[in-house]
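Read the single chain below, which is given as structure tokens and is the form predicted on its own.
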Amino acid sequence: MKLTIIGTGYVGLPTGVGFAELGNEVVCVDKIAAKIDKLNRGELTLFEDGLDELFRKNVEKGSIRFTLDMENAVKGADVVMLAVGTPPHPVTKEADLQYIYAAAEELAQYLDGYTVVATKSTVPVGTGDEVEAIIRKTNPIADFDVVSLPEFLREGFAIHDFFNPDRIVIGANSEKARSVMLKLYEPFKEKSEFLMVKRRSSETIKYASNAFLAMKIHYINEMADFCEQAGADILEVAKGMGMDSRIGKKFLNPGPGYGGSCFPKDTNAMAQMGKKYGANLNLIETTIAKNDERKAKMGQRVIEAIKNHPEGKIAVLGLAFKGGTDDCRESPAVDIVKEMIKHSDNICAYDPKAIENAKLILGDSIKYANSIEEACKDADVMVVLTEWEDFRNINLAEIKKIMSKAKIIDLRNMLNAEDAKVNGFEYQCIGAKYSA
């Protein structure tokens, strides 16, 4: 099948590469010339674990190509996927749909034969109706259907998740559109559950899922706070909870709060949709507010550790919002650093992949290191903010030799508490109390 993907970001690019690997003819179109030029030179524009090899393989085969030319990309396509950004509005926090609507208006001019237009971007309920109306107004004779095709790719695991989806949700209001989408996803029919629903139900599923997971993270973080006061260990508590099949083991990792390009945006958008439709979504609204509070409190926890030596160096390990990606959008690590900056001008950070993206947000307000050792040299405290596997294997005995003071604040519970204790560190983590 010929598949056109509009947008080459963290959703569009892995999706395009994945479908190319499955034998489809894929064309990715974007408005940013520099990005398209780089992709056409065989260079990735983002880091996603496992993407590089498949990208190079399919570029060399010619099964995926990149263009600025919407007409060339759309003509003859069986399916056109909208994978452009839907960032939160800076004031209302609603999903900003200007890029979705602009893409719909442009692609409408070039529809050639029956085409399924699929919204892969996360969009509010009713967006499919608007996209359909825009296309029909722009090109009254076009033969098309609009479907909702929510993506469930986790950043850092997008390639794994593409080839191993736990469910494929297709929101279509016509049998013809359903049959086209089932053909596209035929390689997954033996390995995934398919759910065919109304378009508005499909648009709701992604928001409802992410809001629920955000609430689950907030809950385990509240339990972590309780454990710190009560003398319990949140890791033991979470393990016991996760053994209940009704609860499940996933998203029970305590930490500094949720972040990234999806959860903050989608919970805020869900809250706004609740207001729009007159539905009381207090649980979601509380989760949003308390998550913001938590990140500020985590920053204050670090500052408290250097209160007797406020000019002391803070070594930050991790700036990406999670391991496996270079994405710093809504990163808890970045937000915590912002809180720390209010009280310290001696912060040095290291991240194996996300330094350049972090610089776009933090600028020269902190220093940046090229290694864990460089960040920790002469530091009063080491703070772990992102769960990179590199950090799990830090040689604490060697790190202690180069630090000014032996303090660790592990906000991702990456390090071994006993190892820290044996090496003489004052160690703090999330959800338990340890003494050096």
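Numbering starts at 1 and runs along the sequence shown. Quick caveat: nothing in here was measured; it's all calculated off a predicted structure.
Same protein, other form: the form predicted in complex with a small molecule, not shown, and the subject of what follows.
Novice: Pick from 81-89, 193-201, 333-341, 213-221: which stretch has non-hydrogen atoms within 4.5 Å of the small molecule in the predicted bound form?
Specialist: Only one stretch passes the 4.5 Å heavy-atom test: 81-89.
Novice: Counting only heavy atoms and a 4.5 Å cut-off, does the small molecule in the predicted bound form sit next to every one of Y258, K297 and T386?
Specialist: Checking in the predicted bound form: none of Y258, K297 and T386 is within 4.5 Å of the small molecule.
Novice: Tell me, yes or no, whether K35 is in contact with the small molecule in the predicted bound form, where a contact means a heavy atom of each within 4.5 Å.
Specialist: K35: yes, in contact with the small molecule in the predicted bound form.
Novice: My question is simply whether D30 lines the interface with the small molecule in the predicted bound form - judged by any non-hydrogen atom within 4.5 Å.
Specialist: Judged by the heavy-atom cut-off of 4.5 Å, D30 is in contact with the small molecule in the predicted bound form.
Novice: Considering only heavy atoms, tell me if K265 and the small molecule come within 4.5 Å of each other in the predicted bound form.
Specialist: Result yes; K265 sits at the interface with the small molecule in the predicted bound form.
Novice: Even though the partner isn't displayed, in the predicted bound form is F163 close enough to the small molecule, meaning a heavy atom within 4.5 Å?
Specialist: Output for F163 is no: heavy atoms all beyond 4.5 Å of the small molecule.
Novice: Heavy atom within 4.5 Å of the small molecule in the predicted bound form: which of F144, Y99, F251, F188?
Specialist: Exactly one residue meets the criterion: Y99.
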